[in-house]
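Encoded as structure tokens, the following chain is the form predicted on its own, with no partner shown.
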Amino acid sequence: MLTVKIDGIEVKVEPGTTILEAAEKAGVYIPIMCHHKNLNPFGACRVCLVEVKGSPKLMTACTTPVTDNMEVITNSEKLKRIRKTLIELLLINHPLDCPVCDKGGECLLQDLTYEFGITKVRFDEKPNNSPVDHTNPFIERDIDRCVLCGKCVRICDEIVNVEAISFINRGVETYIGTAFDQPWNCEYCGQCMSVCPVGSLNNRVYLFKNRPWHLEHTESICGYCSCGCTVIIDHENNEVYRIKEDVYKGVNKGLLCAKGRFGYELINSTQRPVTAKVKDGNEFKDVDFDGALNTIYEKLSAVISKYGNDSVAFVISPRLTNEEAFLAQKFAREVVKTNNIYSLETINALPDGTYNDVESSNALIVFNIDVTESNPVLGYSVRVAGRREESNLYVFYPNYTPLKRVATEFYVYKPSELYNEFELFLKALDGENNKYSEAADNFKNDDKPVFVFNPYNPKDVEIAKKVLDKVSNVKLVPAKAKNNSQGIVDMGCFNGMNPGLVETDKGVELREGIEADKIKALIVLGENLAVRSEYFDILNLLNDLELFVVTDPFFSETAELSNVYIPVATFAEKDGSFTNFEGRVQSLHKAVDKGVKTDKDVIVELAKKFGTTLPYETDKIREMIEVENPLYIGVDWNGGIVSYPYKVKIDGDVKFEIKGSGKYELYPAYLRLHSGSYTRRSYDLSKVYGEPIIEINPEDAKELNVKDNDYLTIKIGNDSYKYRVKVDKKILQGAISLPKDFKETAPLFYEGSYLKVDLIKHI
């Protein structure tokens, strides 16, 4: 340990610690502008200059490592004068438009100007008056306000690894821009905007809608994918104005994706109903909450009386909290007394690896999933690992993804070839000498190998099992889809599974129950079956149910088929917890109230109608969970990780199937801005991807005589489906990709996830 004195305060620090870090440990404040804890030291702005005894030169605190017995002065008249001059120099070109700048009240330059008492700039002001750039759909770029700290450029390079923006020109002509001043087309994650210390990069979704000092801040957990990112919900008068990160909180370390950062407008959507609806003939009529519950109670009682308890079924969405999911299955099993409880999640793959396992591994395989799109913040961790010089990252996928920049090898094959190639890799793990031998040796000989995969494809789970059989110390990372994909399974919302993955009697299979008319009443909590291709073909049978109840924040395509619809809260409107892909349990907190009930309200109040009292308070429900769910005994609800009984479980060999006989191989795409039912309700996200789009190789596009935004007809058998086209060289010739979670693609992917199809230009 090294001993350092900061303004006379002695601290002991590890070798390699910078003066800035030592000062933080000593509780001494040093002003900064270009420094960020997630980025490499840069030392560009010089605002953090300090004096070091014995040194004739001033040192930048953010880049200078301490030495033993170093004495540092951070606050002197000399330093104040220099820092004041540095700020004045920044203000020469910076427009003084603080009253209208969206960064007002949160601007670091504004704060430093105030701190150093700058009321008049000694130098002539020379604002550039450059036009503001609006080519990015989510970020406004005003280069006149830029102080060239480079944080945006560095985070886009060091963390996101996209390098969409960079320093352009040199000297006084330097500015932050895109190559050749092309439109700003990137991953839209907004990481650059989040670190901008001034108003140069602004959130267009939030722009001019509120002032930061008016906003209340509520810490919670993102409601989209299973990364489990901590978010700060900024709100006023029950309106969400923005969602941002906190670099000091959460597993995401201050990183968010486009969905988490910009997709919040759906919470405020005017399309959200606030009144329950009950179908009368062919028309829906608005009713109050108690009226809807009375209808459900009367019809449900009648169904049970006439057909028995097993004629009732429940489908639980991963949008529900752990507490809601636990109550839902309890109501089903103990009040209705049915075992027909379903979610569309999987128990074949359970959490194993963590963010830390991914980031610290020197040997990773990402198999058949575009994790940068499906779970973007997990994708950042893969990129962090892949960028290390000593690491080996191997990616197997049908097209190139952003991981190509950091992958040691990116193996791209058509779907029909991908699994055969990976079988060769598995043989190389067994010692066979083939083209994957070096990669296999690197993987199996590493101390902490990691395998990231899609847990919803049984063939991929089988592959993960084979990898585990051959490399016993591998950490498996099933990249689960939704915010609480794991939690609802843990809470017993799975056919044949009680809370804690304890096996119990199975109900009838959902499809069989509906097709065979065994299920007469179906209660769907939060799920939108209409966008799930697995059940597309039985949607019309739902009209024949004697009771069909749907809860959802929106009047979804599935809700339109119901007898009773109850609008419910989103993640920003309720308390509870989610369990992420690591098996980490994290609490979310209610930020706003949109005047609708939660799924918990629906379950608890409906139980009362049946004469059963279920707990309502979150703490009481958690006490009950800890008693009845062996996985959650003594769990820390604020970040504890659950220990699971197995990693993967799958019986026998799974055969890869690709249906059809067409010329092109179709596979499901992952779109970073969409993940199913919720994101399609976001006006801002839909500005970029508002509909499902076929991605096609340029050579195939040329042969078919199509260009961007033309339409192609996908033909399989006697069925035809029309979609817009995007030409992209990342796609292999002879293959096409299309997102799966749209109602327009559900009928196509009902045929299978992988298809051989023909393409016809749509005139």
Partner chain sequence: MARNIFDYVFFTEIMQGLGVTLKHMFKKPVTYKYPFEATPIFERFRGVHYMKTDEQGKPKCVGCYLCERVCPSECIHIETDAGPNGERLIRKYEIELDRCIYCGFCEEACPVDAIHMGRSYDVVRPTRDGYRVNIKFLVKKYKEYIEEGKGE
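Numbering follows the first chain given and starts at 1. Model, not experiment: these values are computed from the prediction.
Beyond what is shown, the protein has a form predicted in complex with its partner chain; the following relates to that form.
Contact between His134 and its partner chain in the model of the complex is found at the 4.5 Å heavy atom cutoff. Interface residue remark: Asn348 is not counted as part of the site for its partner chain in the model of the complex, having no heavy atom within 4.5 Å. With a 4.5 Å cutoff on heavy atoms, Trp213 counts as touching its partner chain in the model of the complex.
Its partner chain is not shown here, and in the model of the complex it never comes within 4.5 Å of any heavy atom of Gly117. Heavy atoms within 4.5 Å of its partner chain in the model of the complex are found in one stretch of 180-188, 97-105, 401-409, 311-319, which is 97-105. In terms of contact with its partner chain in the model of the complex, the residue from Ile538, Ile92, Leu207, Ile633 that brings a heavy atom within 4.5 Å is Leu207. Scanning Asp684, Glu605, Glu158, Glu140 against its partner chain in the model of the complex with a 4.5 Å heavy atom cut-off leaves one residue, Glu140.
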